[in-house]
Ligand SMILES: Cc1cc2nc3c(=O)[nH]c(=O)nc-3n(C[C@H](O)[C@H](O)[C@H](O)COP(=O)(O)OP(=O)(O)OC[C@H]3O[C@@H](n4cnc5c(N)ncnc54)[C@H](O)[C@@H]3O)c2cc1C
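Only one chain is given next, in structure tokens, and it is the form predicted on its own.
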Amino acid sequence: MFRARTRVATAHTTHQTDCMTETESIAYDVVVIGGGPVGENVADRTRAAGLTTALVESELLGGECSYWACMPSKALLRPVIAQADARRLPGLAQAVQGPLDAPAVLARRNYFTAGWKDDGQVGWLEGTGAVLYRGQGRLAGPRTVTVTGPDGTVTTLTARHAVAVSTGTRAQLPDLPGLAEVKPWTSREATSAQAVPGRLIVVGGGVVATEMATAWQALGSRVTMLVRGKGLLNRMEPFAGELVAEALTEAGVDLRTGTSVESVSRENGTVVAVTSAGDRIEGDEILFATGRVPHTDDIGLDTVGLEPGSWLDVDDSMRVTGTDWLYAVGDVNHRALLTHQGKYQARIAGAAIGARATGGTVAEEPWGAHAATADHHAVPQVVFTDPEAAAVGLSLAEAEQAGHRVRAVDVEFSSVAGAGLYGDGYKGRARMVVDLEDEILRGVTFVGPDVGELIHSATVAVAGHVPVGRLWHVVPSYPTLSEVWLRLLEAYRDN
């Protein structure tokens, strides 16, 4: 859970493991392993249910999203997008033709991470009444967690009702000759670097790759993207990746698709990547954005009969299959690897744990407080490139593969009056995937400047199974980008 960071250090009484003996054991109603936004939300909800809660974190409270993912990446990207928007506006374009002030952008990014200090997050957690343990948390049998502190001291925590694993994911690196010696960037280094590399090689074509290529190219790097597949953002509609690829190329990125990396090395400080085509690509740094794996390899899963390093299967209350006390919330369950979906799951899990602990009924109906359903069919995502790409629900291909009888309806944003107000050359497209039997939307995709602010309306339509006939009565304001809804409905009616 991201909260604005206070600039004043907050006094706190964090439970430090370095003052405890190896034999000490402390009981709580709930123990949460992992203090990122998901773990924080689990702790918040179980405390709200009146349950004593311990939260274990080995790094910074606030986790990946606050310090190495969502917040720093968007802080890097916001000036890039603002400048791109300004350059499309006559009367303003000439004033913003110069390069970005890279040191100022990096300093603002540092502000959003609070300088990689978590005092503000600790103060918030203490306000909930949860207790923070700093160290490596590991399962040590049913309802038991050991915490190895920074000095090696081990504390044992027991959970009367539940243990929740919210340890997230880490970057997946390929098995390439020379990779370890190169010391490649992952998403962490890409979002926390304190200087702009002169030349950056980006390996991958997904969200991290496209966003970081966008950011560092605009900040002054010469970026080369090496993409093994045919295009970018292959989990979205094809036109999303096509429009983003076109914009990256226009911005100066050397984009090479159908290209894999065979080996990497450092020669006198320079990174050399040899591709499947036999090309030698040189750079000052190389970023591998080639997927994520569950951060579950060293949390004691073997002590409860589960496989270390595996994704954890759960039911809709986030309880791990085959257990009545273990929960896996957020990325570790592989349902939807997005911060906002993990926080949604955390609210569900916290409510379910609270209900079960107090003898209440766990309601499992689709819209109930104890059943996660929005991480199945109505998952929204925004890619903060220029142009932005935003989608919710199923793509056309996914809907057809799922057996739905559907039709895709496309319109260009050039048909929307509000798009023209964004400046010359606004380029973008919208698609809705309509279920022809139920007359509801199975998915919606927008690509264009500022379309991330449109996706929640689409999420309401998809999650709520709003009939197409009812959408005609949802009148968009004029002249805004939201008029694209009217254009989509007209195209569906007329074709």
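Quick note: we count residues from 1 along the sequence shown, nothing fancier. Since the model is a prediction, treat every value here as computed from it, not as a measurement.
Not pictured, yet referred to below: the form predicted in complex with the ligand.
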Between Cys70, Ile455, Ile440, Ala49, only one gets a heavy atom within 4.5 angstroms of the ligand in the predicted bound form; which residue is that? Cys70
Note which of Arg87, Arg356, Arg143, His295 lies within 4.5 Å of the ligand in the predicted bound form, where distance is taken over heavy atoms; exactly one does. His295
Heavy atom of Thr385 within 4.5 Å of the ligand in the predicted bound form: no
Heavy atom to heavy atom, is Thr210 within 4.5 Å of the ligand in the predicted bound form? no
Given that the ligand is not shown alongside this chain, does Thr191 nevertheless sit within 4.5 Å of it in the predicted bound form, heavy atom to heavy atom? yes
Is Asp450 close to the ligand in the predicted bound form, meaning a heavy atom pair under 4.5 Å apart or at it? no
May I ask whether Gln121, Thr128 and Gly350 each come within 4.5 Å of the ligand in the predicted bound form, counting any non-hydrogen atom? no
Quick one: find which of 455-463, 442-450, 425-433, 56-64 has residues within 4.5 Å of the ligand in the predicted bound form by heavy atom distance. 56-64
Even though the chain is shown alone, can you say which residues of 150-189 have a heavy atom within 4.5 Å of the ligand in the predicted bound form? Ser166, Thr167, Gly168, Thr169, Ser187
